[in-house]
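Shown next as structure tokens: one chain only, the form predicted alone.
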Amino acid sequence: MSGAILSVNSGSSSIKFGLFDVVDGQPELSARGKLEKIGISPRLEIRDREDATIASREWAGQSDLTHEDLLENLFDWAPDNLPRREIAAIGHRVVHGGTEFTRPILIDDDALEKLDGLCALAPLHQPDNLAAIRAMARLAPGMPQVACFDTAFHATMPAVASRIALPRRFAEQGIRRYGFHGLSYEYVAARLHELDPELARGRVIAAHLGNGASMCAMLDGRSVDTTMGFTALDGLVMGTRCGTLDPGVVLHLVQHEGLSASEAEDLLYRESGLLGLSASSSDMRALHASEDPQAVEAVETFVWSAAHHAAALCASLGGLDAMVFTAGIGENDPLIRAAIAARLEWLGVVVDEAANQRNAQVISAPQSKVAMLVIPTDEESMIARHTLSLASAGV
């Protein structure tokens, strides 16, 4: 296929994208960028493959600009300010594929309507994912667009791991454990196979630790269990999300504190987690820098939650051969990695302190019974691979 691939990862307040040239039949990164602070004061930065800034732009004070507005601005601005690329296809991260979409698809009106029906299952992400698809369809009519689903990687989980213990009529309505961050885990699994095929065939926990955080138990590179479930609220304590919660808490909030459904949703998705515990910030860097006891407790709870869920995933795997840290905190925070590892010492985990401090690829000591690695994730690259494959085949 001639032309470039554009990968789009649209979130609630940012849009990350990557531009990939097709070289010898494979996508090769040309540039990547980010539109951030959407809804506040949007800012664009684009970097080349060497990570040098090649373009930037700001829309100071224009908090009313939507995702579609900014993408339209970018399309109008790009030809005169960036090296010319003929885009052949566009790939999108779509958080929820439900039970029907378990692999990437070429988007059509029917698929888009079905994906709209899943917005209630991922209210923080799905509407923005689909807004980007609609914006691109309007800006580039006829351009092939591919949806790549965060839930798809977990379609290999056994029924016992996806089942929720409610009356079976609810399972028939699609209420089950789906899991998320699948594009990140798919990339990490492929990268680990490149680095160490034997280790990749073993029992591996991948820890995607960022503002949204989860873990995935992988056996031979396939998901067998994960910490997020029916929605992206479940599992680990996150930046603003609560993680695993006794359902009775929600009942209490509604029945005795008078919260409406929308107020409860806002509380659990946007006001909880590190932000709720610290009463100051959802940013791990700010919490590390703070001496406030509540900030310290928030970090401690994050670490406890991560180790607790890692131990549970060991039961699903029947042991542990390797643990891989990825995403913003996982790739860049030695303090958090060391603290989680310390709580897993009973597994035979031993961290090389010097390697951990410099964010080395392998951070486990030679005597460690469990290999500990840091592998930067690249969801945009994974999207580009799927997009190239489907757009080239036309199916």
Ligand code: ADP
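Fair warning: this is a prediction, and the values are worked out from it, not measured in the lab. Numbers for residues come from their place in the sequence shown, where the first is 1.
The same protein has a further form, the form predicted together with the ligand, not shown here; the description that follows concerns it.
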property	result
Candidate from G229, G210, G221, G276 lying within 4.5 Å of the ligand in the model of the complex - any heavy atom	G210
The single option of M157, V324, V237, M284 touching the ligand in the model of the complex, heavy atom within 4.5 Å	M284
Answer range among 346-354, 44-52, 62-70, 332-340 for contact with the ligand, defined in the model of the complex as heavy atoms within 4.5 Å	332-340
Touches the ligand in the model of the complex: K16 (any heavy atom, 4.5 Å)	yes
Contacts with the ligand in the model of the complex - residues in 94-118 whose heavy atoms fall within 4.5 Å	none
